[in-house]
Ligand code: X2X
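Given next, in structure tokens, is a single chain: the form predicted on its own.
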Amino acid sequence: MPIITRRALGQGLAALPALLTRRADAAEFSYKFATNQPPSHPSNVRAQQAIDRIREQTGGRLQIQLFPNNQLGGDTDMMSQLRSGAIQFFPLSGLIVQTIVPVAGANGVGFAFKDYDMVWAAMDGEFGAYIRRAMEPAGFYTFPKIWDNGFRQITAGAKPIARPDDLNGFKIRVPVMPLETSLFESYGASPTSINIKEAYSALQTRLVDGEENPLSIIYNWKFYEVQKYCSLTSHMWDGFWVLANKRAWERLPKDVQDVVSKNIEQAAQEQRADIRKLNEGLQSELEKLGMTFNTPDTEPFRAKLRSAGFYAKWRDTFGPECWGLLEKYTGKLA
């Protein structure tokens, strides 16, 4: 057995206050913030800034680590982790939450929103509040200001999409979103649900003919390398609700919650401005990278959805209260 000298014991005791100080300075709460976007995406830039401010303003009591780029799994995997508490924060499209909370995807009704003024009036108003309340029983705390993902556009490898008939038989990659699958099926397309991380390969190998996303996603995931055409249909607006695990959120003291809420709201406003500016400037950038753009007349696309029963189906699915609140902002759809 080694002999502990008086000198060694004294040195150990002298170091004890420093150890205790480090232990006292350790974070009271250590949480994970996962995202499905590349590190350079404005959502991650603004999230990291918010995380840094939260750490500073709580005196280090709440430490949040950012995990971008699907590091912790695909969207549905991370949603399950969020519900179980393995992840504490996750910005997620309501169109994916729709798989467990049907009304969460109601903002994605095809050609519902004509512009951003209409989007923010609805999402920051009664319609968005209704959706947030509906998601709470699933184990989520939902921050009031939804983050922007942008209006979605259609890309193709062989020819542009100019009219509804161009989608007949078109194999299109879509996220795991029932509403979006239903939309493209209404046009006679063949939607295939593929995780965003596998989308580039699916396009490159021609497993699918095209995909649809906001311009910022098309650019960040480099789909322009494997797609020639981009049709500015703006067929759907999508955003990311910043969700927290409800139990983890309720464990935070009220003063810490206030700091988090303030900084997440600030990040939301900044991120919205970033995405709008990015999407508005990306067409010329993508044209330089070889993409060809067209702007179809959208009224025939809306008419096709009506005749296919798309609006009637989702009005019945979402229910009269949800649909009524949506049409309060969009005007009559069905």
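The structure displayed is predicted, hence computed values, not measured ones. For every residue, the number given is its place in the sequence shown, counted from 1.
Just so it is clear, the following notes concern the form predicted in complex with this ligand, a form of the same protein that is not shown.
Three residues, Gly110, Thr181 and Ala308; all within 4.5 Å of this ligand in the model of the complex via heavy atoms? No, the whole trio is out of contact, none within 4.5 Å by any heavy atom.
Among 156-164, 78-86, 129-137, 234-242, mark the stretch whose residues have heavy atoms within 4.5 Å of this ligand in the model of the complex. Among the listed stretches, the partner-contacting one is 234-242.
Within a 4.5 Å heavy atom cut-off, is Pro175 in contact with this ligand in the model of the complex? Although this ligand is absent here, Pro175 would touch it in the model of the complex, with heavy atoms inside 4.5 Å.
Is Gln227 a contact residue for this ligand in the model of the complex, using a 4.5 Å heavy atom cut-off? No.
Does at least one non-hydrogen atom of Ile217 fall within 4.5 angstroms of this ligand in the model of the complex? Answer yes; at least one heavy atom of Ile217 falls within 4.5 Å of this ligand in the model of the complex.
Considering non-hydrogen atoms and a 4.5 Å limit, does this ligand approach Ser43 in the model of the complex? The answer is no: Ser43 has no heavy atom within 4.5 Å of this ligand.
In the model of the complex, the residue from Ile196, Leu252, Val101, Ala202 that sits within 4.5 Å of this ligand by heavy atoms: Of the listed residues, the single hit is Ile196.
Contacts with this ligand in the model of the complex - residues in 26-45 whose heavy atoms fall within 4.5 Å: Heavy-atom contacts within 4.5 Å come from Asn36, Gln37.
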